[in-house]
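First, one chain by itself: the form predicted alone, in structure tokens.
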């Protein structure tokens, strides 16, 4: 069974405080996108990569790709207006009906080979897999007017990361059900599996370094992580 990676790089990065989407920001000598592609391209069990990019930066994406030898990168396609639409565009580009797909945020450049391997191994038993880490903070649930409604037990809470990984038939079915329901605001692929009760979602351990670059401070944290990894 082949393992496909769908890298989502179609966000606008409005919260990053940058003048360019965060996936194109430079960390030392490489863009965030390149750092992410480097990890998946070099993993021995990733067979093909599909890159979903921001339509407004399609040419820039191609320029970046042309400078690198990403021989596993099979397709570069344009994303949609929402993450859900971009994710569906990515998985729809996979014609293989007997495959696994790992959907990953391009803005998480510090995913590791170990995490990817854990996901692929878990897919031998489960059809849906998420990556998550424990929460060091107490999480509260509030009402619409910001009154605490519930304080869940922290030992049952996790902070989700990517990749999120699936049997290709399963995740396509989930997206097709969402389209029929005219739902396009789900920001989490595992959330679609749970919404339609299609399968159990198994959780593998992530890493505190597997951050999603979102805010200006995250770029500084990313530089520190990269410096630590290069030692």
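Everything quoted here is computed from the prediction, not taken from an experiment. Positions refer to the first chain, counted from 1.
The following text describes the form predicted in complex with a small molecule, which does not appear among the structures shown.
Undergrad: Contact with the small molecule in the predicted complex for residue 81, defined as at least one heavy atom pair within 4.5 Å: yes or no?
TA: Residue 81: yes, in contact with the small molecule in the predicted complex.
Undergrad: Using heavy atoms and a 4.5 Å limit, would one call residue 106 a contact residue for the small molecule in the predicted complex?
TA: Yes.
Undergrad: Using a 4.5 angstroms cut-off on non-hydrogen atoms, would residue 130 count as touching the small molecule in the predicted complex?
TA: Close contact is absent here: in the predicted complex, residue 130 is far from the small molecule, nothing within 4.5 Å, heavy atoms only.
Undergrad: Using the partner position in the predicted complex, report whether residue 161 sits within 4.5 Å of the small molecule, counting heavy atoms only.
TA: It does not: once the small molecule is placed as it appears in the predicted complex, residue 161 has no heavy atom within 4.5 Å of it.
Undergrad: Name the stretch: of 122 to 130, 73 to 81, 146 to 154, 89 to 97, exactly one has residues whose heavy atoms fall within 4.5 Å of the small molecule in the predicted complex.
TA: Of the options given, it is 73 to 81.
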